[in-house]
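Shown next as structure tokens: one chain only, the form predicted alone.
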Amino acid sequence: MGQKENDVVIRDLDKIYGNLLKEDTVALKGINLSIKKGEFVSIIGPSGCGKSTLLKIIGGLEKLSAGTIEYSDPENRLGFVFQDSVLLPWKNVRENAEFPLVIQKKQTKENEEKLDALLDLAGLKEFSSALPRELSGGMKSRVSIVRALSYDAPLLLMDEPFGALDALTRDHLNIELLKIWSKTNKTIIFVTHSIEEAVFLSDRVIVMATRPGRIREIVPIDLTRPRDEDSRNDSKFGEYCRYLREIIG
């Protein structure tokens, strides 16, 4: 099997914030990173290291100060999932998930069928008519993931999407996310504070350092896929977690 094509290539990326006193804050410095198509990559590091800033720059929500980002998709299509699910309270589950298709006027029969398949895959089909106030936090997170995938963007950016959930719900959604990822073949860049979550989900873990924000190390995760609860009991899982803590700590 040949080597996979890169989906995102970042070269010499810097992000600098200025203020009224003309004092610059270097948020990110010298970021070089290539992410392959279909890869699941997590970004971890201490608070203030620029994890979310980097994700927002990749997603076009913030401008870089120097460097370049290249995308394999000529239209730069991507989905973004935030920690807050940001669902429209007056729309039901299906209407929230469908919203990007409505905005982009892409409500084709094919896209509607794909959306129904995604809702089914995420375990939301029977809740299609429910309003956000009737959903648990975990279900809201699932809706936001389906919404981000609804228009079939090849790249999915996730900024601590399960950070506000309890540990059991979070572990369950990690498994559900991997099922969706394996079925859809998307490239995922996932920001998290949880070392265990990063190891469980990822092909590679990007460890960042702060002052300025930079890549300290990239750690490949060689755990058998598909992953399930037994994966957390693998001795290698514990070894990866300990190693990453040493790097960050």
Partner chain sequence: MKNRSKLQKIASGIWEYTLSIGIFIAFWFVYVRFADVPAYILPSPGVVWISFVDLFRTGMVWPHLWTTSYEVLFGFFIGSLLGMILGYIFIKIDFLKVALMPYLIFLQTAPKIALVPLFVIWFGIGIVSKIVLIISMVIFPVLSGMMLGLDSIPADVRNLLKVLKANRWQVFSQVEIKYSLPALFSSLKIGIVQAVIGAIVAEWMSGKQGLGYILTYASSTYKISMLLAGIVLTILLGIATYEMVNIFENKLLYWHESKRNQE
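Numbering follows the first chain given and starts at 1. What you see is a predicted model; the values in this text were computed from it and never measured.
There is also a form predicted in complex with the partner chain; it is not shown, and the following applies to it.
For the candidate spot formed by F80, P89 and R147, every residue has a non-hydrogen atom within 4.5 angstroms of the partner chain in the predicted complex. Interface membership of Y71, defined by any non-hydrogen atom within 4.5 Å of the partner chain in the predicted complex, is ruled out. Although the partner is absent here, K29 lies well away from the partner chain in the predicted complex, with no heavy atom inside 4.5 Å. Contact between A164 and the partner chain in the predicted complex is not found at the 4.5 Å heavy atom cutoff.
A residue is said to contact a partner when one of its heavy atoms sits within 4.5 Å of a partner heavy atom; L131 meets this definition for the partner chain in the predicted complex. Only one listed stretch (219-227, 60-68, 36-44, 190-198) carries heavy atoms within 4.5 Å of the partner chain in the predicted complex, and that stretch is 60-68. Annotation for 95-134: interface residues with the partner chain in the predicted complex are F99, P100, V102, I103, Q104, K105, L131, R133 [heavy atom within 4.5 Å].
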